[in-house]
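What follows is one chain in C-alpha cells, specifically the form predicted alone.
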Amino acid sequence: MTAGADRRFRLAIGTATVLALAAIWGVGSAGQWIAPIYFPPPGEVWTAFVQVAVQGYADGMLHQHFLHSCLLVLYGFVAAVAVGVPLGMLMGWSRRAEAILNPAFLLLRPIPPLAWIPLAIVWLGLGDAAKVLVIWFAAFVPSVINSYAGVRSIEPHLLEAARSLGIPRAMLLREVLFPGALPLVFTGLRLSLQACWTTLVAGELIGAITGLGHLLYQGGLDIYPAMILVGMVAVALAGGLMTALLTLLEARAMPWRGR
C-alpha cells in the first residue's frame, strides 16, 4: 500500500468511526437512553453552538474565544520550543553542560504546570502574560526531555565516523546531530502541544475574560451542558488543527521518513 493510499484508508476509517459515534449519540438521545442533564441531545448542542457563534456567550463570540486560546497556546508553545529544544540538545551533546544544567532542571521537572499559576499571577497579574508563562512551563519540560533523548539516541559509531572524517563541528551539528535527533524532538513537540492545551483550559478557568477555558467555566456556572460540550469540541478542533500543522511541519523537516 502506497503512502497516499494508506492516508486515505486511515482518513476513511477515522471518518466512519466519528459518524458511528454520532449515530449512537443521536439514537441514544432520541430513545432517551442517555439522560439530557448528563449528555445533551444533538439539537440542544446545535442550539448552544448557534447561540455562542451568532449572539455570543461568556463575554465573546465563538471565534473570539477560539482565536484567543489558539494565540495563547501558540505564544507559549513557540517560546518553550525556542528555549527547550536547544537546551535539551545541548545537555545531550555536552557532558559539561548536562552537569551544570541538569540539577536545576531536575528540580523544576516534577512541579506540575498548574502549580505555577499562583506565582504567575503574583508576577504578572491576571492577564494573558501569566497564562502564557504557565503554558511555557507546561511545554518546556517535554521539549527538553525529548530533545535530550534524541541526541543520546544517535548511534555513537555515526558520531565517531563523522569525527574521523574531520567534519567541522558546525557541519557535524547540522548534518548529523540535528537530523538524528529530530524524530524524538518532534515526539516532544507533540507532547508539549498537548500539555499546552491542557494547561491553557485550566489557566483560563481563573481570571479570564475570553477564551475556550472561560467558555467552559461559564457553562459550568450556568449548568449548561450543551454549551460545555460546544466548548469541549472547540478545544478538540483547535488542538487537532495545531497537531495537523505540526505533522505537516514534521513531514517537511524529515522527508526521508515515509508515512
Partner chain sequence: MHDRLSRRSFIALSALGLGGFFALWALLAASALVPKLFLPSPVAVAERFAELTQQPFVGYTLQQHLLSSFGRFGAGFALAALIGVPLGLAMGWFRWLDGVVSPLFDALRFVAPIAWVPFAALWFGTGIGGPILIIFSGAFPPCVINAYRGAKYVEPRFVEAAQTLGASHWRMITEVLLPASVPSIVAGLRISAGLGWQSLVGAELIVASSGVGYLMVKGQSNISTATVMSGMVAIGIVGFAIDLLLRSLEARIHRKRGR
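Residue numbers count along the first chain shown, from 1. Bear in mind that the values here come from a model prediction, so they are computed numbers and not experimental data. By rigid core we mean the largest C-alpha set that fits within 1.5 Å across both forms.
The same protein also exists as the form predicted together with its partner chain; that form is not shown, yet it is the one meant from here on.
- Its partner chain in the predicted complex is not approached by residue 41, whose heavy atoms all lie more than 4.5 angstroms from it.
- At a distance threshold of 4.5 angstroms between non-hydrogen atoms, residue 21 is in contact with its partner chain in the predicted complex.
- For residue 93, a non-hydrogen atom is located within 4.5 Å of its partner chain in the predicted complex, even though that partner is not displayed.
- In the predicted complex, its partner chain sits within 4.5 Å of a heavy atom belonging to residue 112.
- Using a 4.5 angstroms heavy atom cutoff to its partner chain in the predicted complex, none of 47, 68 and 185 count as contacting.
- If you take 186 to 203 and check each residue for a heavy atom within 4.5 Å of its partner chain in the predicted complex, you get 194, 197, 198, 201, 202, in sequence order.
- In a rigid-core overlay of the protein, residue 14 has its C-alpha displaced by at least 2 Å between this form and the one not shown.
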